[in-house]
Every structure is written in structure tokens, then in C-alpha cells.
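Presented as C-alpha cells, the chain that follows is alone, the form predicted alone.
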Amino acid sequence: MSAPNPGDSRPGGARELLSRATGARVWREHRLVLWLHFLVPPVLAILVEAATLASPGHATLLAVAVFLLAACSARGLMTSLSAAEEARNALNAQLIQSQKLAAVGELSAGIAHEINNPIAIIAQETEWATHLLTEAEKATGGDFSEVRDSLREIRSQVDRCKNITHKLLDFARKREPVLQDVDVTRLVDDMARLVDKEASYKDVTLSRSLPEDLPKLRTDAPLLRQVVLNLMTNALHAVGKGGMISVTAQADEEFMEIRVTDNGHGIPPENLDKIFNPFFTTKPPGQGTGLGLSLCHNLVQGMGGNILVESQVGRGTTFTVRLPRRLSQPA
């Protein structure tokens, strides 16, 4: 289903929904002021009529009262209208942004599908060229190490392109979670082993501290694996040589929280509200797609939870994934 058009004024259209939301918010937050405004005209009429029957002194007092009442009513109405306009603009901006992201998702999926075909052909041709090179080395006894290195680099960049296109497709694809009971401790350990090799190469300490009695989580295991792995990988890229990353978890009756904390360079305050936006990245060109955190955000929302971030520049960052322990299976 396509996103609603901000200019659509038909019943059920975006503009009608926006008007309803704005009106409901203004009525909820400024009910007293609006009631006073509705009552002011009849009250003013009564005071004016009373002033015609009163003495000059009383008439003056009534005139002052009428003026003050009208001024207060006008100010209250202007405040309510300003609040309504701000709410309307904010909702409109959110609606437009959601449409942009939906369009980007559809466009990205189309581009990724188109790119995947030539990428697959390049990968196949590279494998064939490597095979021919091996045969040539056996037949001639020559040294083709430079050509082999070039082919290896081509394959590495092809794999990188495939990784990017897969992320684009995952970002654009809406997938309903498949629920099962998940051992979070084992899941975190499995994902940590995938990161351990690179962490040891960078002299980074990756620690896990999960309670022995941590209950199982009813959620989608593959989606949760992808989220935890992405957060660990991001943390690894954020810390320098000799850095530290810790993964912890805790649960209550309703929710489970998984935290990934690093002591890296941190996120500037002005970027905290942008980090989950698609294609936003602070990495140098060619070193990041800006899809990892936005994909995590989408996956966690699909599992019925939310993801929070706390960060201080120069001290590190903590991402908290908060999931319901019992997510209902979609109908």
C-alpha cells in the first residue's frame, strides 16, 4: 500500500488524517481556553447590556472588564491557533519524511535487483579467470601472483557490492517475524564469535555479561541475530586499538533489554536524532553505507520493540534493544 499523499483531501486522505490529529491534540491540550473563547461572546453581550443600565462609574468598570476579557480571549485563541499550526507543520513534516523514506526504499530495492545480476556475472567470470590462471601456472610454470592478487581484489570488491545490495533489499523488504523461543545468551555468544577475530586483531576486548537465569525470549531469532551482530560490528568500528565492548542483558516480567556498550569516540549530540535515518553515516566515503542502524531500527520495530541510544563524545555509546518477552504472532 502506498503512503498517503500530503495533499490528498479526500475522506481518509493524508490531509484529513492530519487535520483530525491536529484538532484532537489542540482540543486535548487547550480545552479550557477554547471553552472560554466559546463563552466570551455571550458574556460580553451581557456585560454591554448591563453597562447601558448602570451608572457612569459602574459602566466604566464594566467597559474595562469587557476589554480585559476580550483581550484574554484573543490571546488564548492566538496561543491555541499557534499551537495547532505548529502541530500541523510537525505532523506534515513527519508525513513527508515517511513518504521520502518509502520512495527511497522502493527505489533502492529496484536498483539493488538491477545491480545484483551484473555483480553475479562478474563474480562468476572472476572465478573462471582464477581457474584459467591456475591452469596456466601449471602448464607454463610462470609466476602470475600479481594477476592472482588483482583477481582476489576484484572478488573482494564484488562481495562488498553484494553486501551493500543485500542491505538495501533487507531495508526495503517488509518481513513479518517468525516467532520461536530464543536463548539470548547462546545467540549473543554465537554473534560474538563472529566478531572476536577482528576484535582480537584490533586488540579490542569484547566481553559478555548475561545472567545465568536469563529467560528465553519469544521473538524472531534470525532478525535478532542480525541486530546484535550489526550493533557489535558498529561498536567495533567505533573503538580504537585497545578499546572495550561489553554486551549485557536483563529481563523483567514483560520486557528484555540487550545493551551493547563501547568506549569509542561517541556520537555528537546533533547527530543523535539522525543515526537511524537511512544512508546517514559519519564514516569517510567508501567506508559505510549508512544502512546498518536504520536496518536495526526497522527490524527491532518489526519485533514489537524499540532501540535507544545514549552517547557522550569521547566516552562511548550504549545501544539498548528493548523487546517484549512475548510477541504475538501476526494474524
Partner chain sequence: MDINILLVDDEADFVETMTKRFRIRKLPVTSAGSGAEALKLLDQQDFDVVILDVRMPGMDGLEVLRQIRAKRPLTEVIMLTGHASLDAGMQGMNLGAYDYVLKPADFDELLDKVRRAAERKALNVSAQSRG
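Numbering follows the first chain given and starts at 1. Because the structure is a prediction, the values reported are computed rather than measured.
Just so you know, the form predicted in complex with the partner chain exists too; it's not on screen, but the next bit is about it.
Interface membership of Ser145, defined by any non-hydrogen atom within 4.5 Å of the partner chain in the predicted bound form, is ruled out.
For the chain shown alone, Gln180 is a contact residue for the partner chain in the predicted bound form, at least one non-hydrogen atom being within 4.5 angstroms. Within this chain, Glu257 is remote from the site of the partner chain in the predicted bound form, having no heavy atom within 4.5 Å. Proximity of Arg152 to the partner chain in the predicted bound form: non-hydrogen atoms within 4.5 Å are absent; the residue sits far from the partner. Within 4.5 Å of the partner chain in the predicted bound form, a heavy atom is found for every one of Met191, Leu229 and Leu295.
A heavy atom within 4.5 Å of the partner chain in the predicted bound form is found for one listed residue only; from Thr233, Ser246, Thr130, Thr165, this is Thr233. Residue in contact with the partner chain in the predicted bound form (any heavy atom within 4.5 Å), chosen from Lys241, Arg75, Lys138, Lys197: Lys197. Heavy atoms within 4.5 Å of the partner chain in the predicted bound form are found in exactly one of 249-257, 216-224, 114-122, 84-92, that being 216-224.
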